[in-house]
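The data below hold one chain only, encoded as structure tokens and taken in the form predicted alone.
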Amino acid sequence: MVVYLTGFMGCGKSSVGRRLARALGYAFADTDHLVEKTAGKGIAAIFAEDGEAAFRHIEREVLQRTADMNRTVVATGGGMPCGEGNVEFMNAHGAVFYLKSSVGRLMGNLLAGDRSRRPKIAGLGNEELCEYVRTTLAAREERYAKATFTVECDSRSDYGIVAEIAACVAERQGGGAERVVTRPMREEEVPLLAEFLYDAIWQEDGAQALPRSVIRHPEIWAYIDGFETAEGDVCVVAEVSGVIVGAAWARRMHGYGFVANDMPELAVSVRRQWRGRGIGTRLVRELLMTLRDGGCKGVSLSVDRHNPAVEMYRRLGFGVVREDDSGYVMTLML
């Protein structure tokens, strides 16, 4: 499979692409670098000596060659989706992910980078750059939106963006619940809990999505703040074809589901495209066994009353000990 990353300059296609390739065990290619290799000179020189039309012609040739690549992540140039038929070509030959970013995020990345390598913005002042990004992004949005998948990048780390794309790729390759492996979370994977914390927040289908910054509210962030540094922190993950698609964790804290100081609170999260396959149940069972083996006597949790997970918790033996207008506090003695 070829995985194409599209989006405006500064959205992180190259940095995300390299990390994604490592996560998937794929090769990595950057179309801008391939254009330079084909032309025998840098992009700035192509624009200055031959013009943008020549650059776009070479870019199109490079894109067509990517169809012969396999197990490769391809970071595309910011203007590539605007070429006639380019997005359609990518959709036909691989999985296309649009890294959607706000003007503010793009500006922050562009101002921190080397603008001299980007002919379109090399001579612009900061105000001119902001206007260019704003107007050009608006003009290209319709083309970018033709990608198979859109990944919201604001307020997210490259690690989280990579995890979302990797999960989509694993699903598209035919991964199923029967291939799920549950295991303890590794130390280097702890940053991924921020992604799963957001996914753990119950949001009804069709409702306007909460901003990802919501997890930074102190009462929510407490569920993962400094995780694995506090005594009793435990986390297990679900992995499909080397990609983490779910996590369940517990820690002693005064959260929404607090019952007693010696009773840790449980949280579980499965990426949306992997829900309904029994992965959440497997994660919770694995976590409960880990807690029981560690001498824990009981566990609590908080769940929205409309969340289908309520029935899963009931099947696992949890009972309601407290309720309010929004949901239930449930416990299970181990």
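On a predicted model such as this, the values are computed, not experimentally measured, just so you know. The first residue of the shown sequence is 1; numbering continues from there.
FYI, the form predicted in complex with ligand S3P isn't displayed, but the following is about it.
Task: Listed residue that, although ligand S3P is not shown, lies within 4.5 Å of it in the model of the complex (heavy atoms), from Gly160, Gly77, Gly257, Gly94 - done: Exactly one residue meets the criterion: Gly77.
TODO: Would you mind picking the one in Leu301, Ile43, Leu288, Leu34 that has a heavy atom within 4.5 Å of ligand S3P in the model of the complex?
DONE: Looking at Leu301, Ile43, Leu288, Leu34 one by one, just Ile43 meets the 4.5 Å heavy-atom criterion.
Task: in the model of the complex, segment of 244 to 252, 116 to 124, 199 to 207, 212 to 220 with a heavy atom within 4.5 Å of ligand S3P - done: It is 116 to 124 that comes within 4.5 Å of the partner.
Open item on the list: ligand S3P is absent from this chain, but in the model of the complex, do Arg18, Asp154 and Arg156 each have a non-hydrogen atom within 4.5 Å of it?
Closed with: No, the whole trio is out of contact, none within 4.5 Å by any heavy atom.
Task: Residue contact check: Lys146 to ligand S3P in the model of the complex, 4.5 Å heavy atom - done: Contact with ligand S3P, no.
TODO: Please check if Met9 has a heavy atom lying within 4.5 Å of any heavy atom of ligand S3P in the model of the complex.
DONE: Met9 belongs to the contact set for ligand S3P.
Open item on the list: I'd like to know whether Arg282 contacts ligand S3P in the model of the complex, with contact meaning heavy atoms within 4.5 angstroms.
Closed with: So Arg282 does not count as contacting ligand S3P.
- [ ] Although ligand S3P is absent from this view, report whether Tyr26 comes within 4.5 Å of it in the model of the complex, heavy atoms only.
- [x] Because no heavy atom of Tyr26 falls inside 4.5 Å of ligand S3P in the model of the complex, the answer is no.
- [ ] At a 4.5 angstroms cut-off on non-hydrogen atoms, which residues of 135 to 154 are near ligand S3P in the model of the complex? List them in order.
- [x] The one in contact is Arg140.
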